[in-house]
Structure formats: C-alpha cells, structure tokens
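Only one chain is included here, represented as structure tokens and corresponding to the form predicted alone.
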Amino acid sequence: MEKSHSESLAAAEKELENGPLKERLAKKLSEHRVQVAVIGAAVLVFGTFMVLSPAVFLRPRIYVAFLSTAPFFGIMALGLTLILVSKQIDLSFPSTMALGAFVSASIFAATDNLLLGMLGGMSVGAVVGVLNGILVTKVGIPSIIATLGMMFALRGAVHVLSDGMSISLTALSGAPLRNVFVGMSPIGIPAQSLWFIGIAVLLWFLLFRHKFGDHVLFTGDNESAAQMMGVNTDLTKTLVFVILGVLAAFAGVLDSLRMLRWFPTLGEGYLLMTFGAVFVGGTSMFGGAGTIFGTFIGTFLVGSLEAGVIAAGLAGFWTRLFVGVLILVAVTIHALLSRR
C-alpha cells in the first residue's frame, strides 16, 4: 500500500508539472498554426518528391539549385508580404524589377562602377514605390488598378529606353564584387540565398519587433481605427510600396548579375510565382496578418515544384497546374484554420 501511495503521489506530481507544459505547448501551436501548417506542407511535398525521385531529391545538388534560383522571386515575395498585410496589392513589381536592373546595368556600362549602378537601380525602385503610394493614398485609385497601370507603363518604358536590346555585363565575370552578391559563399551555398535569408530576418524584425510593423498590421486590420490611434496610414502604405520597389530592383540586379546580361523581359515570369510563394506561406489578402517565415518556406515550395515535376517524369507544363492546386489547398487550409 505504501508503494502504491508513493506511485500515486509521484504520478500526481508529474501530472501537475506536465499539465501547464501541455497547455503552453497547445497555446504555442495554436498561435503559430499557420507556420506549422506551412512546415507540414513542405515536409509532405519534399517527402513525396524524395519517394518519387530519390535519385534527384536525396542528393544535395538539387537543393543548391533551389538556393540559386528561388531567392530572386523570394526577395520580392518578402516585400509583397508587407503589401498584403497592409491590405493592399502590387502588380507592378516584375516591371520594377526590369526597370531597376536596366538603370543599374546602364550606369555600370557608363561608369564601370557596380555599386553606383546598384544604388541607381534601387533608387528607381524607391521612386516607383512612392508613385504607387501617391496614386493609392492621395489620388484614391485602388491599388490593384494603380499598380496594374504602372506595370504596363514601366514595362513599356523598359522596351522604349532599351530599344528592345539587352545589355551585356560580361565585364563583371570573375569580379570579386559580383561573387559577393551571386557567387558561391565560403559555406558552400549561393550568395544570393544568404541575401535572401538576411532580408527575411530584417523584415521579420521590422514587421513583428518594430513600431513600423505595428502600424502596418493596424492599417491592414482596421484603417479607421489605426488613424484614430494616431497612425499615419497614408505614409505607412506608401512605405510598404517603397520597400517592395527597392527589393524588386535589388532582385533584378542580382538576377542580371547571375546571367551576366540584362534582358528587357526580365521579371516577366515572376508574377505568379511570387504571389504563389506568399499565399502558400499563409498570408491572406484580407490584411492585418501575415508571416515572413511562411513566405520564406513558401518560396522554396513553389520553386521546387518544376524540378519535382520534371524529375517525376512529367512534362514541364504540369508545373502551373501543381502550383495552382498548391495555392488553392494552402489558402483553403489557412482559411479554415483562421475560422477556427
């Protein structure tokens, strides 16, 4: 009886200790259910690819390839996340990507100074962001219409200014500064992926650990209430457009450096992939909530689909089908989780 009583007492103490722990764990899982769902989707997708194509997805080479290509639209997806959190939308970033990279390549061709060219290109991206912000906040044009018009205008400007001709950047081949941005890092992964990670961390702190992030979240959740609390919602919306513009131009410069040539069509294939990364990551269009971590994982999910489809023996045009299905499934899951 004494032994049984001791065991019962020990069990009661253990239950008392573990009870709050389980509650805290359940609370954490509930708070981060979107991120958990994204991680689960990533495990499922990559696990399926490993089963269907073990010769490809059990070797590190394919993951190095993802790290080489995904950051270009992933960097823009991070900026687009802030746009959607503020309950806006931007369709102009692929054209901003091309225009910013064009200005950068042109300045480099004239001055032989890469840093000056990058500064010029990113400044153009910032100007585009300011123009988008003015059209939305001061003129009152809905963001989807304003940025749609800006997308066509900028793409037309790119073709007019370049006369439809590409710009060679082969002079940068082997340049140490190029390797800083798109070369192979000392730890064996492409440098552009390190920039992608760094920007993701920076924007995470900006959105969730800075007053500006609070303003973005408040503006997207309830703009009228945010204004009553003293938030300058017009400035907040303009700044998120500026951030995306700068990141789009930076991504364009990186992509041009990787290819050692600027093309007038740069960015044309990134619109759907960028939106796909954001939506798969768990950020909705309703504003007031978003996840930088989810966008980061969603980038690699979307970027891996084409390689996975081809490795599985299917034609490349199946990729869009799978991307569409993945977006629909992800958005449905996130909507159900949010409703709960």
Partner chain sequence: MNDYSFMESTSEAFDQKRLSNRFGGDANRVIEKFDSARPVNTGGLGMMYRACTSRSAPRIAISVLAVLLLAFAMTGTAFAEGAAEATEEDPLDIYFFAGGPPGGPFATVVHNGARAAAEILGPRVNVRYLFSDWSPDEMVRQFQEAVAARPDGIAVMGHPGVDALEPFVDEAVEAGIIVTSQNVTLPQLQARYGERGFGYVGQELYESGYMLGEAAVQRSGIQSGERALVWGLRRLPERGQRTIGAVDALEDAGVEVDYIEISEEVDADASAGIPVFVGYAEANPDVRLVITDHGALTATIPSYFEAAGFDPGDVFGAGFDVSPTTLDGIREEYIGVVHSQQPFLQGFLPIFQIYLSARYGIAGLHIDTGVGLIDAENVEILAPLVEAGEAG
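All of these numbers come straight from a predicted model, not from anything done at the bench. Positions refer to the first chain, counted from 1.
Quick note: we don't show the form predicted together with the partner chain, though the next part is all about it.
- Contact annotation: residue 266 falls within 4.5 Å of the partner chain in the predicted bound form, judged by heavy atom distances.
- The partner chain is not shown here, and in the predicted bound form it never comes within 4.5 Å of any heavy atom of residue 138.
- Taking the partner from elsewhere, residue 142 is found to have every heavy atom lying beyond 4.5 Å of the partner chain in the predicted bound form.
- Shown alone here, residue 149 lies farther than 4.5 Å from the partner chain in the predicted bound form, counting heavy atoms only.
- With the partner removed from view, the residue among 65, 285, 44, 51 that has a non-hydrogen atom within 4.5 Å of the partner chain in the predicted bound form turns out to be 65.
- Of the stretches 256-264, 126-134, 238-246, 104-112, only 256-264 has residues with a heavy atom within 4.5 Å of the partner chain in the predicted bound form.
- Contact residues in stretch 49-65 (any heavy atom within 4.5 Å of the partner chain, taken in the predicted bound form) are 55, 56, 59, 61, 62, 65.
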